[in-house]
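Only one chain comes next, encoded as C-alpha cells, the form predicted alone.
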Amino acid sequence: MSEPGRTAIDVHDVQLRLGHRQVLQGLHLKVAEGGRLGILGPAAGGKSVLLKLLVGLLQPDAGRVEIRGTDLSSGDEKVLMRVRRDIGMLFQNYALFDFMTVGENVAFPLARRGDVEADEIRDRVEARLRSVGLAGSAHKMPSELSGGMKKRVGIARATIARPALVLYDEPTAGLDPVTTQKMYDLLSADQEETGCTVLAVSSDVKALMGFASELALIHEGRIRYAGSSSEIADSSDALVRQFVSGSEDGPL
C-alpha cells in the first residue's frame, strides 16, 4: 500500500480566495506515505477547505497540490478521477445516502467502479461492517442508526476500497468521550492493517493529540504549527499554546 520515503500529500504555497475572503494564504503542508497527521485550529481557519483541495473539489488560485506525485492543480477531470480512486473520505455530517441501505452505502465506492463482481462486493461489505462493529446491519436504513453508528458506516464506506489515503473530517464530532476513544481505536487499527496514509481534521484537541503522531494547526489560512503532537503544548507560539490548552488568556 504505502511506499516508504514517498510523499503522499504535498501542498506547496497554496493560496485560495472564496468570495471576498482570503481563505488560504501561502499554505505549505507535507505528509509522508503511511503517516498519520491531525489537523486542528479555530473555526473558519481553512481546515475543511484544505480537504476539498486534496480531493480536487476546489482548485487553488496559486500554488500546487500533489497527491502521491500527481498534481491536481490543472483540474483535469480524468486525472482527478484516477487520484480519487486511491482516496477514501469520511464526511463531517456522515453524508450517507438516505435512500440507500447501510449495505448499499458501504458498497457505493466499489459499485461505482464497475470492475468488482457483485459477490465480492457483498462479501467485502459484510467484512467491513463486521470490522466496525455493525455486523448484520446491512439491511438497515441510515434513519434507524444512532450518530455513532452512522460514523461507523461512514468509516466502512471510506475504507472499503482499501485506499492509499484516507481523509477523516471531524470523525468524533458529537460523540461522547468513550465512543470517541473507540472511534479512534478503530481508525488506528484500520491504518495499522492497511498501511494507508491518514489525515484527520478534528475540533477535539485532546483526542486528536492522542491519535495523531504529527499535528498541524491552521489559523487564518496559514500553518502556525507543524510537528510532533507531544511537543505542541510547548510551542513558542502563544496562539498555538492557547488553542491547545483552551485558556481564555492569549491572542485568540
Partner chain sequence: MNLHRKIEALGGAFIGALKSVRELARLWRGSLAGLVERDYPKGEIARQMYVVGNKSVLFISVTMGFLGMVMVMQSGQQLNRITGDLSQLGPEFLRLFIQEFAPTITALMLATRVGAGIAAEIGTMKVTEQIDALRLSGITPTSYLIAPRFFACVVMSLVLTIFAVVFSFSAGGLTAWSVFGLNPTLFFDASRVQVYDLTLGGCKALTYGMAIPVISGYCGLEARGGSEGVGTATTSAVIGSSFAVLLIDFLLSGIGFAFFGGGAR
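Residue numbers count along the first chain shown, from 1. Here the rigid core means the biggest group of C-alpha atoms that line up within 1.5 Å when the two forms are laid on top of each other. Being a predicted model, the structure only gives us computed values, none of them experimental.
Beyond the structure shown, there is the form predicted in complex with the partner chain, which is absent from this document and is the topic of what follows.
Q: Go through T101, S74, N93, Q181 and name the one with a heavy atom inside 4.5 Å of the partner chain in the model of the complex.
A: Checking each option against the partner chain in the model of the complex, the one that comes within 4.5 Å is N93.
Q: Quick one: of L186, V205, V55, A32, which gets a non-hydrogen atom within 4.5 angstroms of the partner chain in the model of the complex?
A: When the partner chain is considered in the model of the complex, the option within 4.5 Å is V55.
Q: Want to guess which of 223-231, 209-217, 194-202, 55-63 is within 4.5 Å of the partner chain in the model of the complex, heavy atoms only?
A: Of the stretches listed, the one contacting the partner is 55-63.
Q: Answer with yes or no whether L134 is in contact with the partner chain in the model of the complex, where contact means some heavy atom within 4.5 Å.
A: Because no heavy atom of L134 falls inside 4.5 Å of the partner chain in the model of the complex, the answer is no.
Q: Contact between M81 and the partner chain in the model of the complex at 4.5 Å, heavy atoms?
A: Because a heavy atom of M81 falls inside 4.5 Å of the partner chain in the model of the complex, the answer is yes.
Q: Counting only non-hydrogen atoms and a 4.5 angstroms cut-off, does L175 reach the partner chain in the model of the complex?
A: L175: no contact with the partner chain in the model of the complex.
Q: Answer yes if any heavy atom of M89 is within 4.5 Å of a heavy atom of the partner chain in the model of the complex; otherwise answer no.
A: Because a heavy atom of M89 falls inside 4.5 Å of the partner chain in the model of the complex, the answer is yes.
Q: Superposing on the rigid core, I want to see if K78 changes position between the shown form and the other one - specifically a Cα shift of 2 Å or more.
A: Where the cores coincide, K78 shows only a C-alpha shift between the shown form and the other one that is less than 2 Å.
Q: Is it true that R162 shifts between the shown form and the other one by 2 Å or more at the Cα, once the core is aligned?
A: No, R162 moves less than 2 Å.
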